[in-house]
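First, one chain by itself in structure tokens, the form predicted on its own.
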């Protein structure tokens, strides 16, 4: 099989993959090459793939066990074959666009916050795979920021300040802040808060990176106001526009990103206009401890 080619799109990360048909099963050498490329590029873009849900799962499973994630909290019904497929759309189980007061709209809006998938659990998500099926007439792009480069830009004083700090990540923090309070106690306890270092290191490359985002809401040893101001300052610096890769979707596009070393967010669109994407994620088994 011809080795895939990588074309850099972002300044320090994010590359388009060419010369590879991912609708067919891939050999272990090709999967290994893609896995190695993720350690370098962190975000891989496959354009107009022609993948369906079956193909998406086959491809993603090549990289590890799949995560059910937030679906365990929301208990939302699905219109898909696999429980691990997350519906990143504004479409209900009946196939119609949902009204503005539907809870799926909260999900669409919450996805516009900078975040990393499933940092509220252990193991967290490793890679996410997002497949576009219906695009909007305007907006709806997805943006990515490289947390390795963000860490490298920090001053020595700030790096010294962050050393050893532990942040608490909560699954419902961003949802509650947006007014989505309709969770019973059992749902709230499905994902009790978990702790992560503010600075982590990639297990393969050793690169230091910031582990922040919308799920991080407090830091041990700090008052809540002090912690949240620090988290906001870090997020603001890490996601400056000149360091962000923005992807405008075409039908069939697939993006893989490394949740450990990147943040991402969706951009606004007309929520009354149909937009459909499917997402699956692999578990970062190395982070389970």
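Numbering follows the first chain given and starts at 1. Everything numeric in this text was worked out from a predicted model, so none of it was measured.
FYI, the form predicted together with a small molecule isn't displayed, but the following is about it.
When contacts are judged by a 4.5 Å heavy atom cut-off, residue 264 counts as touching the small molecule in the predicted bound form. In the predicted bound form, none of the heavy atoms of residue 146 sits within 4.5 Å of a heavy atom of the small molecule. None of the heavy atoms of residue 174 is located within 4.5 Å of the small molecule in the predicted bound form. Using a 4.5 Å cutoff between non-hydrogen atoms, residue 115 counts as a contact of the small molecule in the predicted bound form. For the options 136, 85, 190, 111, the one in contact with the small molecule in the predicted bound form, meaning a heavy atom within 4.5 Å, is 111.
For the candidate set 90, 121, 132, 142, a heavy atom within 4.5 Å of the small molecule in the predicted bound form is found for exactly one residue, namely 142.
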